[in-house]
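Single chain ahead, written as structure tokens, the form predicted on its own.
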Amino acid sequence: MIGLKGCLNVIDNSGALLVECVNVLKQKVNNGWGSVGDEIVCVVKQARPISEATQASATAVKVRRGDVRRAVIVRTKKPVRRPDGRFVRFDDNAAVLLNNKREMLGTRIGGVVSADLRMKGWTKIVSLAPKVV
């Protein structure tokens, strides 16, 4: 359950390391709390440093500290109940950054993601992830 001011790790190669949630974009059925597969608006709190050599290259860092971006939640510490009765929880809260067209900002994902993303329509993230739990 991610709400206002909740911090999440970024597990793609967009350049951000840590983001803070400022809004949960969905119907107001859960009183502003976001779970796995929900889209959020976040602020980049920590990003990878940009060197002079990488600034001119094609693989330049796509985000900077203070940027406001959209993201999708891929892992939560709060246990999520599956239809078969199992509960799944992770060690941290994590997200993947998106652009305004709901496409991934990065090209790789470095970490485990929840299988619930497939049911919510985020198949691109599931297919790029090294492991799905």
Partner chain sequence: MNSRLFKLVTRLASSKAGSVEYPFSKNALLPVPLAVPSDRADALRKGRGLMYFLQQNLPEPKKRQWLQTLFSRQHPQRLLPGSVLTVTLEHAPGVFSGVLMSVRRRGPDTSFVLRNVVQRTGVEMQFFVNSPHLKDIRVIQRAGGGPGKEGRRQRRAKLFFLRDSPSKMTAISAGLRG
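If you're wondering where the values come from, they're calculated on a predicted model, not measured in any experiment. Positions refer to the first chain, counted from 1.
Keep in mind that the form predicted in complex with the partner chain is not shown, yet the notes after this line are about it.
Of the heavy atoms in V22, none are within 4.5 Å of the partner chain in the model of the complex. Residue contact check for L4: none of its heavy atoms lie within 4.5 Å of the partner chain in the model of the complex. K101 falls outside the set of residues with a heavy atom inside 4.5 Å of the partner chain in the model of the complex. The closest non-hydrogen atom of V41 lies beyond 4.5 Å of the partner chain in the model of the complex.
Residues R75, R82, D84, G85, R86, F87, V88, R89, F90, D91, D92 are the ones in 72-107 with at least one heavy atom within 4.5 Å of the partner chain in the model of the complex, listed in sequence order.
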